[in-house]
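Read the single chain below, which is given as structure tokens and is the form predicted on its own.
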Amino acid sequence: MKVKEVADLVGISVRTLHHYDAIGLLVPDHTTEAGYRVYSPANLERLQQILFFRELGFPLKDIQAIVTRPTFDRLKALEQHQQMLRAKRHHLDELLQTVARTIQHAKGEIEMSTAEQFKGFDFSHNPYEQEARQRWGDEVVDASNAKLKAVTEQGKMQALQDEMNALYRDLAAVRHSDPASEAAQAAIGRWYLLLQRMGNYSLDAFKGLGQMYVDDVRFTQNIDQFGEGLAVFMRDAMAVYADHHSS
């Protein structure tokens, strides 16, 4: 199938398919002498996988890393898509029920408890987990999740969040100093110990996490709420800490 035929079949733009080709995510198996892209059945299978991942919220760079792995198993991926989409459908069904009941409540037709008004909302998903798994492996992330689960079950999550925010403020207070200074290294050392309570970070992973604070705009924006330039300072201080303690 030519690119326009694929675009019409799938319901995406020709420009999107050209972009997928340009970044190496979906390269057509054939190109005619006139320069027209021709997609094979295998290309269409790859496109279906891409669109499933997109539907589930995966960024393109993560999709590319997943589908180009030598160990990628299409059937296993499809089974995982099925499980995740079912969970997503269940979540949406709950939210739709909450909306419907809220409409009835607003009309005075029914009464809703406070708990019922927020049924279906779930902010426990960690949007960085997939990236963490790719960078440091499943073992590190699974161990971190187990520690966080234990903290949550013990009702200590709010206390941990408060402690993190306080440490962010302490780091922001020294962010204009040399990242290798005694004050900076003392504060970033406390940050390392706090993260160890949430997961099992090697010094290399700690240094890599600091780099992510700058590379990923989501991290930068969240961290810099405590002081402009804090993410860059933490990255530099974490690198110094990791290099010093690994030598």
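Remember, predicted model here, so these are calculated numbers, not experimental data. Sequential numbering from 1, following the sequence displayed.
The discussion below concerns the form predicted together with another copy of the chain, not included here.
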Counting only non-hydrogen atoms, the one stretch of 49-57, 182-190, 206-214, 28-36 within 4.5 angstroms of another copy of the chain in the predicted complex is 49-57
Review point. Residue 173: heavy atom within 4.5 Å of another copy of the chain in the predicted complex?
Key: no
| query | Contact between residue 110 and another copy of the chain in the predicted complex at 4.5 Å, heavy atoms? | reply | no
Whether residue 81 contacts another copy of the chain in the predicted complex should be assessed with a 4.5 Å heavy atom distance threshold; does it? yes
Worksheet item: Would residue 9 sit within 4.5 Å of another copy of the chain in the predicted complex, counting heavy atoms only?
Response: yes
Within 99-119, the residues having any heavy atom within 4.5 Å of another copy of the chain in the predicted complex are 99, 100, 102, 103, 106, 107, 114, 115, 117, 118
